[in-house]
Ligand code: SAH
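This document starts with one chain, in the form predicted alone, laid out as C-alpha coordinates.
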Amino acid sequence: MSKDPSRASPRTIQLCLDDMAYNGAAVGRYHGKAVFVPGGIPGEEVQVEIVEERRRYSLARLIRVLVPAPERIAPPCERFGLCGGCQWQHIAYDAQLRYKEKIVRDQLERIGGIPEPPVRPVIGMDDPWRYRNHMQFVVDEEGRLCLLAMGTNRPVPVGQCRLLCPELAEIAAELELEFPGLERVVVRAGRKTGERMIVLEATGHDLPELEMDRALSCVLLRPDGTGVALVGSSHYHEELGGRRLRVSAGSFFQVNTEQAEQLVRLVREYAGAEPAATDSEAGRAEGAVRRPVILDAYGGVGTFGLALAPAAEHVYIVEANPDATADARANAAGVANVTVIEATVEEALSDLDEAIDIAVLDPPRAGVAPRALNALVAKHPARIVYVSCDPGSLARDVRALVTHGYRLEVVQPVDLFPHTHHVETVSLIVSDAGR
(Lines give C-alpha, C1' and ligand atoms only; values in the text may rest on other atoms or scores of the structure.)
Protein backbone atom coordinates (compact mmCIF):
# COMPACT_ATOMS: atom_id res chain seq x y z
CA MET A 1 0.00 0.00 0.00
CA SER A 2 1.56 3.33 -1.07
CA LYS A 3 2.06 6.11 1.43
CA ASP A 4 0.46 9.51 1.18
CA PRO A 5 3.29 11.66 -0.28
CA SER A 6 2.18 14.69 1.72
CA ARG A 7 2.63 12.79 4.97
CA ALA A 8 5.96 11.33 3.84
CA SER A 9 7.30 14.76 2.85
CA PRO A 10 9.97 16.54 4.92
CA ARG A 11 8.77 19.18 7.37
CA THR A 12 10.78 21.87 5.56
CA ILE A 13 9.91 22.30 1.89
CA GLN A 14 10.27 24.76 -0.96
CA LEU A 15 7.02 26.04 -2.39
CA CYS A 16 5.65 28.30 -5.13
CA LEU A 17 2.67 30.34 -3.96
CA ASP A 18 -0.08 30.94 -6.52
CA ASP A 19 -3.22 32.15 -4.73
CA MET A 20 -4.57 34.04 -1.72
CA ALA A 21 -6.96 32.15 0.54
CA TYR A 22 -10.15 33.25 2.26
CA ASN A 23 -8.34 33.28 5.64
CA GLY A 24 -5.62 35.67 4.41
CA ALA A 25 -2.88 33.08 3.94
CA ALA A 26 -1.13 32.53 0.61
CA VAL A 27 -1.56 29.09 -0.97
CA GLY A 28 0.81 26.76 -2.76
CA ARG A 29 0.65 23.07 -3.66
CA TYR A 30 2.93 20.24 -2.64
CA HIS A 31 2.32 16.81 -4.18
CA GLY A 32 -1.11 18.09 -5.21
CA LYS A 33 -2.10 19.11 -1.69
CA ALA A 34 -2.87 22.72 -0.75
CA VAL A 35 -0.44 24.33 1.70
CA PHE A 36 -1.52 27.52 3.50
CA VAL A 37 1.28 29.96 4.33
CA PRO A 38 0.46 33.04 6.47
CA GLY A 39 2.77 35.93 5.56
CA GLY A 40 3.25 34.76 1.98
CA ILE A 41 2.16 36.48 -1.23
CA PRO A 42 1.02 34.84 -4.50
CA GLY A 43 3.88 34.74 -7.01
CA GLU A 44 6.55 34.09 -4.39
CA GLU A 45 8.93 31.18 -4.03
CA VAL A 46 9.33 30.40 -0.34
CA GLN A 47 10.81 27.98 2.13
CA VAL A 48 8.28 26.83 4.71
CA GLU A 49 7.94 24.41 7.59
CA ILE A 50 4.87 22.19 7.69
CA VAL A 51 3.41 22.65 11.17
CA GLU A 52 0.12 20.78 10.82
CA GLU A 53 -1.10 18.10 8.44
CA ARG A 54 -4.78 17.74 7.61
CA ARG A 55 -6.40 15.24 5.28
CA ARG A 56 -6.98 17.73 2.47
CA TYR A 57 -4.47 20.49 3.23
CA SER A 58 -1.43 21.47 5.31
CA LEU A 59 -0.60 24.52 7.43
CA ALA A 60 2.90 25.93 7.18
CA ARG A 61 5.17 28.54 8.78
CA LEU A 62 7.07 30.88 6.50
CA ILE A 63 10.82 30.48 7.05
CA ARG A 64 12.33 32.43 4.16
CA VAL A 65 11.20 34.27 1.04
CA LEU A 66 13.44 33.05 -1.77
CA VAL A 67 11.86 35.05 -4.60
CA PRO A 68 9.69 37.96 -3.37
CA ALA A 69 6.56 39.20 -5.13
CA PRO A 70 6.59 42.77 -6.48
CA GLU A 71 3.82 43.59 -3.98
CA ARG A 72 5.99 42.76 -0.96
CA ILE A 73 6.91 45.80 1.17
CA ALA A 74 8.59 46.30 4.54
CA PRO A 75 5.92 46.28 7.30
CA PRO A 76 6.06 49.61 9.16
CA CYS A 77 5.11 48.05 12.52
CA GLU A 78 7.93 46.41 14.44
CA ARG A 79 5.46 43.94 16.02
CA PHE A 80 4.03 42.73 12.72
CA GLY A 81 4.25 38.96 12.60
CA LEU A 82 4.22 38.72 16.40
CA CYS A 83 0.91 40.42 17.13
CA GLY A 84 -2.20 38.91 15.56
CA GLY A 85 -4.00 42.21 15.06
CA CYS A 86 -3.29 42.44 11.33
CA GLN A 87 -2.01 40.03 8.69
CA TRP A 88 -1.22 42.03 5.54
CA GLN A 89 1.15 44.88 6.43
CA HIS A 90 3.73 43.18 4.19
CA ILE A 91 1.52 43.69 1.11
CA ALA A 92 1.27 46.98 -0.82
CA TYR A 93 -2.13 48.54 -0.20
CA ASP A 94 -3.36 48.51 -3.81
CA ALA A 95 -2.57 44.78 -3.95
CA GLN A 96 -4.49 44.21 -0.69
CA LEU A 97 -7.58 45.66 -2.39
CA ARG A 98 -7.16 43.40 -5.42
CA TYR A 99 -6.83 40.30 -3.24
CA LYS A 100 -9.94 41.23 -1.28
CA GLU A 101 -11.97 41.63 -4.46
CA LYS A 102 -10.76 38.22 -5.62
CA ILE A 103 -11.63 36.60 -2.27
CA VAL A 104 -15.18 37.94 -2.50
CA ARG A 105 -15.50 36.69 -6.09
CA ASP A 106 -14.11 33.26 -5.20
CA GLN A 107 -16.50 32.79 -2.29
CA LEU A 108 -19.54 33.79 -4.32
CA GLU A 109 -18.53 31.41 -7.09
CA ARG A 110 -17.54 28.42 -4.93
CA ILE A 111 -20.05 28.65 -2.08
CA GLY A 112 -22.75 30.82 -3.63
CA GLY A 113 -22.78 29.06 -7.00
CA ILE A 114 -22.88 32.44 -8.78
CA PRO A 115 -20.99 32.35 -12.10
CA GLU A 116 -19.18 35.62 -12.82
CA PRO A 117 -20.58 37.38 -9.73
CA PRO A 118 -21.19 41.14 -10.14
CA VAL A 119 -18.41 42.26 -7.79
CA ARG A 120 -17.11 45.81 -8.11
CA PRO A 121 -13.55 46.93 -7.25
CA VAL A 122 -13.02 47.49 -3.52
CA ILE A 123 -13.52 51.00 -2.15
CA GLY A 124 -10.28 51.68 -0.29
CA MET A 125 -8.99 54.50 1.92
CA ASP A 126 -6.76 57.42 0.95
CA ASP A 127 -4.94 56.93 4.26
CA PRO A 128 -5.34 53.30 5.44
CA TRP A 129 -3.77 53.84 8.87
CA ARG A 130 -5.02 54.90 12.33
CA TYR A 131 -8.62 54.19 11.44
CA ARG A 132 -9.83 51.94 14.28
CA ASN A 133 -12.27 53.67 16.65
CA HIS A 134 -12.65 50.47 18.70
CA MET A 135 -10.16 47.82 19.79
CA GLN A 136 -10.21 45.00 22.33
CA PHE A 137 -7.14 44.02 24.36
CA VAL A 138 -6.12 41.45 26.91
CA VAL A 139 -3.93 42.44 29.85
CA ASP A 140 -0.63 40.74 30.68
CA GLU A 141 0.82 40.13 34.16
CA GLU A 142 2.35 43.62 34.17
CA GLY A 143 -0.96 45.30 33.44
CA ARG A 144 -0.03 46.23 29.83
CA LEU A 145 -2.53 46.22 26.99
CA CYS A 146 -1.83 43.31 24.64
CA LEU A 147 -3.16 41.58 21.57
CA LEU A 148 -2.82 37.85 21.12
CA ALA A 149 -0.02 36.42 19.03
CA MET A 150 -1.32 35.02 15.77
CA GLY A 151 -2.96 31.64 16.28
CA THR A 152 -2.18 31.51 20.02
CA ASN A 153 -3.37 32.78 23.41
CA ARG A 154 0.01 34.39 24.14
CA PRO A 155 -0.29 38.14 24.89
CA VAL A 156 1.92 40.56 22.93
CA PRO A 157 2.24 44.16 24.23
CA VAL A 158 0.86 46.52 21.60
CA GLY A 159 2.79 49.72 22.21
CA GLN A 160 2.05 52.23 19.44
CA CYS A 161 -0.50 50.36 17.30
CA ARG A 162 -0.60 51.87 13.81
CA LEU A 163 -4.23 50.90 13.27
CA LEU A 164 -5.63 52.60 16.36
CA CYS A 165 -7.05 56.09 15.81
CA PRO A 166 -5.19 59.06 17.35
CA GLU A 167 -8.00 59.68 19.85
CA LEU A 168 -7.24 56.29 21.43
CA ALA A 169 -3.58 55.65 20.62
CA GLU A 170 -2.25 57.85 23.41
CA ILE A 171 -4.58 56.23 25.94
CA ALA A 172 -3.62 52.71 24.89
CA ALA A 173 0.09 53.52 25.08
CA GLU A 174 -0.17 54.95 28.61
CA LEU A 175 -2.85 52.80 30.21
CA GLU A 176 -1.79 50.29 32.84
CA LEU A 177 -4.45 48.30 34.63
CA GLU A 178 -4.19 45.58 37.19
CA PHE A 179 -6.98 44.27 39.39
CA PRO A 180 -8.32 40.75 40.12
CA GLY A 181 -10.61 39.28 37.51
CA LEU A 182 -9.78 41.75 34.73
CA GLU A 183 -10.02 39.80 31.44
CA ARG A 184 -10.28 42.33 28.64
CA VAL A 185 -10.03 46.05 28.04
CA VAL A 186 -11.88 47.76 25.21
CA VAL A 187 -11.13 51.31 24.09
CA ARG A 188 -13.72 53.17 22.00
CA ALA A 189 -13.99 56.66 20.52
CA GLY A 190 -16.32 58.85 18.51
CA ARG A 191 -14.07 60.12 15.71
CA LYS A 192 -16.36 63.07 14.94
CA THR A 193 -17.31 63.91 18.52
CA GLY A 194 -13.99 63.30 20.28
CA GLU A 195 -15.72 61.34 23.06
CA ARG A 196 -13.66 58.43 24.42
CA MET A 197 -14.44 55.40 26.55
CA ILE A 198 -12.60 52.58 28.30
CA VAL A 199 -14.58 49.38 28.91
CA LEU A 200 -13.29 46.90 31.50
CA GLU A 201 -14.54 43.32 31.24
CA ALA A 202 -14.06 41.39 34.48
CA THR A 203 -15.11 38.08 36.00
CA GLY A 204 -15.85 39.51 39.44
CA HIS A 205 -18.18 42.18 40.77
CA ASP A 206 -15.64 44.27 42.69
CA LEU A 207 -15.30 47.87 41.55
CA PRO A 208 -11.69 48.95 40.92
CA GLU A 209 -10.26 52.25 42.08
CA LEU A 210 -9.33 54.50 39.19
CA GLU A 211 -7.33 57.66 38.71
CA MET A 212 -8.02 59.50 35.46
CA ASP A 213 -6.24 62.60 34.23
CA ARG A 214 -7.99 62.65 30.85
CA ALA A 215 -11.55 63.47 29.80
CA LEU A 216 -13.07 60.06 29.11
CA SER A 217 -15.61 57.60 30.42
CA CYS A 218 -14.82 54.28 32.05
CA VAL A 219 -17.36 51.45 32.26
CA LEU A 220 -17.12 48.09 34.04
CA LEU A 221 -18.92 45.28 32.22
CA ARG A 222 -19.89 42.59 34.71
CA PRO A 223 -20.22 38.87 33.84
CA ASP A 224 -23.99 39.20 33.43
CA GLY A 225 -23.49 41.88 30.75
CA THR A 226 -24.61 44.83 32.88
CA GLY A 227 -22.45 47.91 32.74
CA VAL A 228 -21.48 50.21 35.59
CA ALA A 229 -20.14 53.67 34.80
CA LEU A 230 -17.08 54.14 37.02
CA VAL A 231 -16.19 57.50 35.47
CA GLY A 232 -18.37 59.62 33.21
CA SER A 233 -21.14 57.99 31.18
CA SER A 234 -22.05 54.44 30.16
CA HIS A 235 -22.23 55.54 26.52
CA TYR A 236 -20.52 57.83 24.02
CA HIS A 237 -21.66 59.47 20.78
CA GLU A 238 -20.61 59.29 17.15
CA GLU A 239 -21.89 61.07 14.06
CA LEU A 240 -22.69 58.96 11.01
CA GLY A 241 -24.98 59.40 8.04
CA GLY A 242 -25.82 62.93 9.15
CA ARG A 243 -27.07 61.82 12.56
CA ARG A 244 -25.66 61.89 16.07
CA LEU A 245 -25.82 58.36 17.50
CA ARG A 246 -25.58 57.12 21.06
CA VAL A 247 -23.44 54.00 21.49
CA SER A 248 -23.34 52.10 24.80
CA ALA A 249 -20.41 50.10 26.09
CA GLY A 250 -22.03 46.80 25.14
CA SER A 251 -23.31 47.86 21.70
CA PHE A 252 -21.82 47.03 18.32
CA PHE A 253 -20.61 49.86 16.11
CA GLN A 254 -18.49 49.81 12.96
CA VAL A 255 -14.77 50.13 13.80
CA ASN A 256 -13.97 52.47 10.90
CA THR A 257 -16.02 55.67 10.93
CA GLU A 258 -14.74 56.97 7.58
CA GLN A 259 -15.59 53.79 5.71
CA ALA A 260 -18.85 53.35 7.62
CA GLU A 261 -19.99 56.52 5.84
CA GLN A 262 -19.49 54.59 2.60
CA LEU A 263 -21.71 51.82 3.96
CA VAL A 264 -24.49 54.29 4.75
CA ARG A 265 -24.19 55.83 1.29
CA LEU A 266 -24.37 52.44 -0.40
CA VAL A 267 -27.32 51.25 1.70
CA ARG A 268 -29.24 54.38 0.74
CA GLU A 269 -28.37 53.92 -2.92
CA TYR A 270 -29.19 50.21 -3.12
CA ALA A 271 -32.39 50.59 -1.13
CA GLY A 272 -33.56 52.99 -3.82
CA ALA A 273 -35.11 55.10 -1.10
CA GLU A 274 -33.55 58.51 -1.52
CA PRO A 275 -35.50 61.38 0.09
CA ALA A 276 -34.93 63.56 -2.97
CA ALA A 277 -36.75 61.03 -5.14
CA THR A 278 -39.67 60.33 -2.83
CA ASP A 279 -40.29 63.79 -1.45
CA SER A 280 -40.81 65.67 -4.73
CA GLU A 281 -43.75 68.06 -4.80
CA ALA A 282 -44.95 66.57 -8.07
CA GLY A 283 -44.92 63.06 -6.68
CA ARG A 284 -46.90 64.04 -3.63
CA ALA A 285 -49.43 66.02 -5.63
CA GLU A 286 -50.08 63.19 -8.06
CA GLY A 287 -50.01 60.52 -5.39
CA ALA A 288 -47.68 58.55 -7.66
CA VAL A 289 -45.00 57.85 -5.11
CA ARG A 290 -45.56 55.19 -2.49
CA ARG A 291 -43.07 55.32 0.33
CA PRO A 292 -41.61 51.90 1.19
CA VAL A 293 -41.88 49.99 4.44
CA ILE A 294 -38.33 49.10 5.46
CA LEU A 295 -36.96 46.42 7.77
CA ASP A 296 -33.55 47.08 9.35
CA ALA A 297 -32.60 43.63 10.65
CA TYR A 298 -29.71 43.23 13.08
CA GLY A 299 -30.12 46.99 13.34
CA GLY A 300 -27.69 47.71 16.18
CA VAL A 301 -27.97 51.30 17.38
CA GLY A 302 -30.14 52.18 14.37
CA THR A 303 -27.52 53.44 11.93
CA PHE A 304 -29.06 52.24 8.67
CA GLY A 305 -32.71 52.36 9.67
CA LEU A 306 -32.47 55.98 10.78
CA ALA A 307 -30.55 56.92 7.63
CA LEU A 308 -33.45 55.52 5.55
CA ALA A 309 -36.27 56.90 7.68
CA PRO A 310 -36.72 60.20 5.74
CA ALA A 311 -37.59 58.21 2.62
CA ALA A 312 -39.76 55.55 4.25
CA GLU A 313 -43.39 55.11 5.15
CA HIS A 314 -42.19 53.23 8.20
CA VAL A 315 -38.95 51.63 9.42
CA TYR A 316 -38.79 48.66 11.75
CA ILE A 317 -35.40 48.34 13.47
CA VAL A 318 -34.95 44.83 14.89
CA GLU A 319 -32.14 44.13 17.36
CA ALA A 320 -31.75 41.39 19.99
CA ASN A 321 -29.05 43.05 22.11
CA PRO A 322 -30.70 45.01 24.96
CA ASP A 323 -27.99 47.68 25.12
CA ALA A 324 -28.12 48.31 21.38
CA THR A 325 -31.92 48.32 21.46
CA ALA A 326 -31.87 51.00 24.16
CA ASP A 327 -29.44 53.02 22.09
CA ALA A 328 -31.60 52.67 18.97
CA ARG A 329 -34.64 53.89 20.89
CA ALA A 330 -32.71 56.88 22.20
CA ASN A 331 -31.39 57.64 18.72
CA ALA A 332 -34.88 57.33 17.20
CA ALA A 333 -36.50 59.65 19.77
CA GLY A 334 -38.69 62.12 17.92
CA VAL A 335 -38.65 60.15 14.64
CA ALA A 336 -42.31 59.27 14.28
CA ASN A 337 -42.01 56.65 11.52
CA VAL A 338 -39.47 54.40 13.28
CA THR A 339 -40.30 51.46 15.55
CA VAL A 340 -37.54 49.67 17.45
CA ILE A 341 -38.18 46.01 18.30
CA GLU A 342 -36.08 44.07 20.80
CA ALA A 343 -36.20 40.52 19.44
CA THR A 344 -34.47 38.10 17.13
CA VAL A 345 -35.20 38.67 13.45
CA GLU A 346 -37.28 35.50 13.17
CA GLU A 347 -39.34 36.43 16.27
CA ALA A 348 -39.97 39.96 15.04
CA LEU A 349 -40.99 38.87 11.54
CA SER A 350 -43.39 36.24 12.86
CA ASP A 351 -45.21 38.94 14.84
CA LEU A 352 -45.13 41.59 12.10
CA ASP A 353 -48.31 41.74 10.04
CA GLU A 354 -47.20 44.56 7.74
CA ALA A 355 -45.67 43.82 4.33
CA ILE A 356 -41.97 44.62 3.89
CA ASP A 357 -40.82 46.40 0.71
CA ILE A 358 -37.10 46.69 1.48
CA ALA A 359 -35.00 44.69 3.93
CA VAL A 360 -31.58 45.76 5.16
CA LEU A 361 -29.53 42.96 6.73
CA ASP A 362 -26.36 43.56 8.76
CA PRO A 363 -25.83 40.22 10.50
CA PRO A 364 -22.84 39.09 12.57
CA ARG A 365 -19.99 37.16 10.95
CA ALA A 366 -21.97 33.90 11.01
CA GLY A 367 -24.56 35.40 8.66
CA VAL A 368 -28.35 35.15 8.77
CA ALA A 369 -29.78 32.22 10.73
CA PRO A 370 -31.82 29.85 8.47
CA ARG A 371 -35.03 30.49 10.43
CA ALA A 372 -34.57 34.24 10.02
CA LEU A 373 -33.89 33.88 6.30
CA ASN A 374 -37.02 31.77 5.83
CA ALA A 375 -39.09 34.28 7.80
CA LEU A 376 -37.72 37.09 5.64
CA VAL A 377 -38.45 35.50 2.25
CA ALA A 378 -41.97 34.74 3.47
CA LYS A 379 -42.45 38.54 3.54
CA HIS A 380 -41.35 38.79 -0.13
CA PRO A 381 -39.40 42.07 0.04
CA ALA A 382 -38.66 43.39 -3.44
CA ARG A 383 -35.14 44.46 -2.43
CA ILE A 384 -32.66 43.09 0.09
CA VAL A 385 -29.61 45.16 0.94
CA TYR A 386 -27.13 42.84 2.63
CA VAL A 387 -24.21 44.33 4.60
CA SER A 388 -21.72 41.56 5.33
CA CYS A 389 -18.40 41.28 7.15
CA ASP A 390 -17.80 37.72 5.93
CA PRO A 391 -17.79 36.73 2.22
CA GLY A 392 -18.32 33.05 3.08
CA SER A 393 -21.56 33.51 5.03
CA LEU A 394 -22.71 36.10 2.47
CA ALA A 395 -22.20 33.55 -0.32
CA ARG A 396 -24.11 30.89 1.60
CA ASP A 397 -27.05 33.22 2.24
CA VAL A 398 -27.08 34.48 -1.37
CA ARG A 399 -27.28 30.88 -2.56
CA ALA A 400 -30.31 30.32 -0.32
CA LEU A 401 -31.99 33.52 -1.52
CA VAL A 402 -31.47 32.56 -5.15
CA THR A 403 -33.43 29.35 -4.51
CA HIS A 404 -36.28 31.57 -3.28
CA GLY A 405 -36.45 33.58 -6.50
CA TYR A 406 -33.93 36.34 -5.81
CA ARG A 407 -31.07 37.58 -7.99
CA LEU A 408 -27.72 39.03 -6.93
CA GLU A 409 -27.61 42.42 -8.65
CA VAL A 410 -24.35 43.95 -7.38
CA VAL A 411 -21.71 43.46 -4.70
CA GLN A 412 -19.63 46.43 -3.56
CA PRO A 413 -16.70 45.56 -1.27
CA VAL A 414 -15.55 48.27 1.14
CA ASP A 415 -12.20 48.11 2.92
CA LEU A 416 -13.21 48.65 6.53
CA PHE A 417 -10.17 46.76 7.81
CA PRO A 418 -6.98 47.78 5.95
CA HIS A 419 -3.92 45.58 6.54
CA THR A 420 -6.11 42.64 7.56
CA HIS A 421 -7.73 39.99 5.34
CA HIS A 422 -11.23 41.05 6.44
CA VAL A 423 -13.51 42.80 3.96
CA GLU A 424 -16.98 44.33 4.24
CA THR A 425 -19.48 44.17 1.39
CA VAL A 426 -22.79 45.81 0.56
CA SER A 427 -24.90 43.75 -1.85
CA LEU A 428 -28.17 44.40 -3.63
CA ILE A 429 -30.36 41.29 -3.99
CA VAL A 430 -33.62 41.75 -5.88
CA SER A 431 -36.72 39.64 -6.35
CA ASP A 432 -37.18 38.37 -9.89
CA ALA A 433 -40.90 38.25 -9.31
CA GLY A 434 -41.14 41.87 -8.16
CA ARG A 435 -44.08 42.94 -6.00
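Start at 1 with the first residue shown and count on from there. The structure displayed is predicted, hence computed values, not measured ones.
The same protein also exists as the form predicted together with ligand SAH; that form is not shown, yet it is the one meant from here on.
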4.5 Å heavy atom contact, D362 and ligand SAH in the predicted complex: yes
Touches ligand SAH in the predicted complex: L82 (any heavy atom, 4.5 Å): no
4.5 angstroms heavy atom contact with ligand SAH in the predicted complex for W88: no
Contact label in the predicted complex: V345 to ligand SAH, heavy atom within 4.5 Å: yes
Non-hydrogen atom within 4.5 Å of ligand SAH in the predicted complex for each of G300, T303 and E319: yes
In the predicted complex, segment of 48-56, 65-73, 362-370, 397-405 with a heavy atom within 4.5 Å of ligand SAH: 362-370
Contact residue in the predicted complex, from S217, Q262, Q254, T339 (heavy atom within 4.5 Å of ligand SAH): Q254
